[in-house]
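Take a look at this single chain, the form predicted on its own, given in structure tokens.
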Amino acid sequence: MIDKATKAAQGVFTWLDSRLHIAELWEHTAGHHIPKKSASWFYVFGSLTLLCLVIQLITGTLLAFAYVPSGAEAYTTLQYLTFEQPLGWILRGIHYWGSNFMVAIMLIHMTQVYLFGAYKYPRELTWVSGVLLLVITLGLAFTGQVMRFDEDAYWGIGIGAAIAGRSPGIGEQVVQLMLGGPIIGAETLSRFFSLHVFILPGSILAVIALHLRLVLSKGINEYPEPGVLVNRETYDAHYANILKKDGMPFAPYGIWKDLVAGGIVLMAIVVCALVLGPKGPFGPPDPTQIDANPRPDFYFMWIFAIAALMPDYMETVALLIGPPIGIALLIILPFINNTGEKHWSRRPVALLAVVSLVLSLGLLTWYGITSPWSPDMTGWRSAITPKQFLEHRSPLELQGAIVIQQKQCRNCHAIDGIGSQRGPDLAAVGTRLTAPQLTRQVIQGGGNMPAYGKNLTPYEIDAVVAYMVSLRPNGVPPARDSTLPAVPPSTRQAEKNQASAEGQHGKEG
């Protein structure tokens, strides 16, 4: 019975194979030969990016069944999916974290390809298609953030429109095309929905087809060896010799590390969705909400930081000119440097470029996440005052602590690291500024600090200054006016004793 079933199955497969060429298709795709050393953990990031894309396509399709791309309904839809729809929050969480993982893994993949010299001959177009995939992926990430249509999305669109509006000569037309009008409205969301659901996914699938075709036709880059140079005249024969001597089919022999890494990434996405949940929706997209504190997703935090830290005259260069130039350099890279050494240890300039870029973007991203320039609008009620900064204070000083809390000073100032980082920490302010200087700063403002002379009564100002003067480590004297001559402590004590003695003598007389 088993033999008959086996023969029947073989007959069916033979019939299908004679028409669909399944065996030949397998041999030229999953079964294509790769260098044995390329079956490495360093080479799993491409397949992991593809896995994340599949997750995004599946979860995005399921979310589209409930999502209403309307300016009046989108925010309500997200609230329904998050709080009412069974398993809606986990579906949103997987979609959100899948997006984060996809961008991060693709960036790692591009970095690995660059360091391994895989953009060199004959894989120039493989690299170019990878750069296009990175750009489209970032476009999907941005338009996906807009789909939340909360305060983050609203201000994100506004910033994107402001950047696009600086395009010389065509800025107004670009903004009209982007927003569907002069302002952010219902048509804006419809356009971004079309981009996110139809245009960009279709584009990325088309470019992935080209990318995979190039990978299969030009082969997977061999593991680079120091001293082995790429030469156009000899490389094709050299690669063919590697496959002949040390090649193996990708499936089933070289795929297992990709499968293990894929399982780990899939588990990590699900765990993040279960533990951390989806992002948002935050406040509704209301431009009159003055305490909105919008933040982009992590992959755009560096742009957020640049926009905040760059001087005004550099913004156009940094935001509008810089990224296109960077993308153009990535595209032309394999055409100006496609031979020679591949190993990173023999390419110090390439290694230095990667380290510099990672450190720069990492630092900007950290500043964007912490946002030390932005006030924490809830700091006045969420940032506690440490106990040691309240003990042994006079009634006037304690009243000053209350004023600092109630007047929302903690939205900008921390005390011993607790509170916002926009302004300087007040933990030791009494050692830096004198009472007159503090009074002047509170009344007149200065730097990024507004003036509070019209918002505080004279008594409140006295209380605040008295409290801030007391904020200094034990045993450290308060700040003194540098224009006055310094008096040693022993001299000051002697003068006090003499004055006390003279006063007592006067009373006796």
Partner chain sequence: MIRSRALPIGLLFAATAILQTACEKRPDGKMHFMGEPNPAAKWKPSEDITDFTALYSQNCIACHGAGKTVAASIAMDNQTYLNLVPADILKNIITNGVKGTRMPGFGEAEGGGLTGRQIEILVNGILAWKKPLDTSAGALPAYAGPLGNAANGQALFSQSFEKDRPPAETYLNPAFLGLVSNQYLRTLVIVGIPELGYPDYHGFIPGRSLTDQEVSDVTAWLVTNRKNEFGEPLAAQPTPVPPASLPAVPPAPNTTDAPKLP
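What you see is a predicted model, and the numbers here were worked out from it, not measured in a lab. Numbering follows the first chain given and starts at 1.
Only in words, not in the display: the form predicted in complex with its partner chain, which the text now covers.
Check your understanding: Is it the case that Pro122, Leu216 and Trp366 all touch its partner chain in the model of the complex, with a non-hydrogen atom of each within 4.5 angstroms?
Key -> No.
**Study point:** Residue (of Cys52, Val44, Ile34, Ala463) lying close to its partner chain in the model of the complex, criterion heavy atoms within 4.5 Å
**Key:** Filtering the options by heavy-atom distance leaves Ala463.
**Study point:** Tyr114, Phe101, Phe300, Trp380 - the one with a heavy atom within 4.5 Å of its partner chain in the model of the complex
**Key:** Result of the distance check: Trp380.
**Study point:** Contact label in the model of the complex: Pro323 to its partner chain, heavy atom within 4.5 Å
**Key:** Close contact is absent here: in the model of the complex, Pro323 is far from its partner chain, nothing within 4.5 Å, heavy atoms only.
Check your understanding: With the partner left out of view, is Pro395 within 4.5 angstroms of its partner chain in the model of the complex by any non-hydrogen atom?
Key -> Yes, contact at 4.5 Å.
Check your understanding: Closest heavy atom of Phe198 to its partner chain in the model of the complex, within 4.5 Å or not?
Key -> No, Phe198 stays farther than 4.5 Å from its partner chain in the model of the complex.
Check your understanding: How about Gly202: is it within 4.5 Å of its partner chain in the model of the complex, going by heavy atoms?
Key -> So Gly202 does not count as contacting its partner chain.
Check your understanding: Heavy atoms within 4.5 Å of its partner chain in the model of the complex: which of the stretches 101-109, 224-232, 400-408, 333-341 has them?
Key -> Result for this chain: 400-408.
Exercise for review: Within 4.5 Å of its partner chain in the model of the complex, which residues of 72-98 have a heavy atom? Give them in sequence order, or say none.
Suggested key: Counting only heavy atoms within 4.5 Å of its partner chain in the model of the complex, the contacting residues of 72-98 are Tyr75, Gln79, Thr82, Phe83, Glu84, Trp89.
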